[in-house]
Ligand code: ADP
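Below you will find one chain, with nothing else, as structure tokens; this is the form predicted on its own, and questions on how it binds or moves follow later.
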């Protein structure tokens, strides 16, 4: 028997099948989806590979498979092959996403070991000897034995703390053969410290019930249907999710719930634990340790978990008998990977749901324009939740023109309206959220004498000043350097710091409102494990007055005492070099406004901007998504942007700029020859907007048109031709369809 094997390598030349003989002793064990060890080329160590096909014979003289490791289902292998074609990457890169985290099968590689803990039990010798208690020395030993006889299976540290005895006391009892140590495997459980706070099932509103009934019908019929729950902020989408998942579990099936941000996971988990308990829940996201991810994956694989909650990669969880997939905040950019494989979790979810004949549920208060367009075209079933679930009103929104503030002599970060509102909120003991989508203290540093700007030596991008460690940082490569007092170009001391970040905002708040208790949430404050949860819990439970944050504070959070939300500058997302700038601005402003007044107290939102007449800002005041959609979709249609076409970005990066230019020109000519006949317009290679990152020059080709299966095949063939010829060995190439980031 012969196995067709894909070698685990990023090298594009190795993205092909190699034949290997299956040894007799592994014949019954190896199947499509097996991860195997094989001798390859002249390498001294065995290489890892994946079996993608089994056949009777080969025309080549072949080597033998050396060993076997983990198995994937044939369907997962087919999914990986589909992903490799669709996202222009190696099959092995896609298969890796579906394997148990923390496993490496090369002989020299390390594996995540099972976590084992020593537990203490009474021995048979002690139980059988009626005079055992008389043989104990002193009160400490008697105290220890008395505790253990009632609490067998505790660890030594637990016994020491709870029984108030020393380690020496326990050791002496072990030596007497009165106690024994048993080593047992325990799960590294990220939910272990979570408390269960009861979350009772709520009576659904008429709109919620209608949505629930429609989706339940698809569950009962065991058919694929895609739903979009478009509900205003606070309309109770999560309650609908939970009741749908309960319906799925009643049918002995499981569900995957994707959330976009790690910061959303703690609150979502609290609600699900309160409803379903910890035992049936598994969580997967990047802030877990590799050991925790490994144990959660095994828990899912062994069918001990029925609900998986996690970020993008949780879509590959090995949940058997899947009954439904839910994608919450479906508009969020984080569902699209920006590194290989550049997959979109929503597209993967759709593929899986079609395969399994189960419903796919998307939910958002500000749906992705393409999703809403598909709903309008009847490709997706649209379900609307137009009212807040607890009958609270949407917040009052006020737009402040910063040009008028400046003209009146107000040069501070706070308009008069925002200043007075924060002051009033503090007086009334209510909470405030201040949103600014820039971290750091100052966004760029310039010399007023000669105009020199401090830039990263590795990237063509301005350095950001961070006051907490008095450093200049690059947010692309992580480069750090000390602050400067004199211009490196002309020697002038007229160095000025411009722009505003969350650190500066926090400092200003403390200066103007010294009595206010503040907390900040951005990339710089959530580096430690569980820091998201700690910050959110502090804000909720410790009478913190003001939460300052970036996008992390925008989505999904429910804080009953938040009655004021201030947007410091609505223009940062409006001025980005991206066709989605209007959409992103409207989404952010609507989502952040949705944090205010979610309970009985009325909410107020103040949006500060230099562009008050811009339609995304104007419509966010009305919180009218459909009005925004009608305007934006007409613009997209006129300019031929998604959803009316696809945008293909082919990126080139490397240290040799001349080779990049030569290589990108060759690729451009080949693509122009082969895909323009399919209606794809291929533009000339140009430097990327940020043309250097991490000491690598960056160029790109942009193409516009409808990316069909046929077009995908042609692009893959063109790229493979270049890899086979060995052209551009020092140049990395990537292909991204409809990327989130056009920079």
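Here the structure is a predicted model, which means the values were calculated and not measured. Positions refer to the first chain, counted from 1.
As for the form predicted together with the named molecule, it is not shown, yet the points below apply to it.
Of the listed positions (205, 653, 267, 381), a single one reaches within 4.5 angstroms of the named molecule by any non-hydrogen atom in the model of the complex, namely 205. With the partner omitted from this view, the residue of 558, 662, 538, 630 that lies near the named molecule in the model of the complex is 558 [heavy atom within 4.5 Å].
Contact between residue 598 and the named molecule in the model of the complex is found at the 4.5 Å heavy atom cutoff. The named molecule is not drawn, but in the model of the complex it has no heavy atom within 4.5 Å of residue 430. In the model of the complex, the named molecule sits within 4.5 Å of a heavy atom of residue 271. Although the partner is absent from this view, residue 390 contacts the named molecule in the model of the complex, with a non-hydrogen atom inside 4.5 angstroms.
You can rule out all but one of 417 to 425, 232 to 240, 301 to 309, 87 to 95: in the model of the complex, only 232 to 240 has residues with a heavy atom within 4.5 Å of the named molecule.
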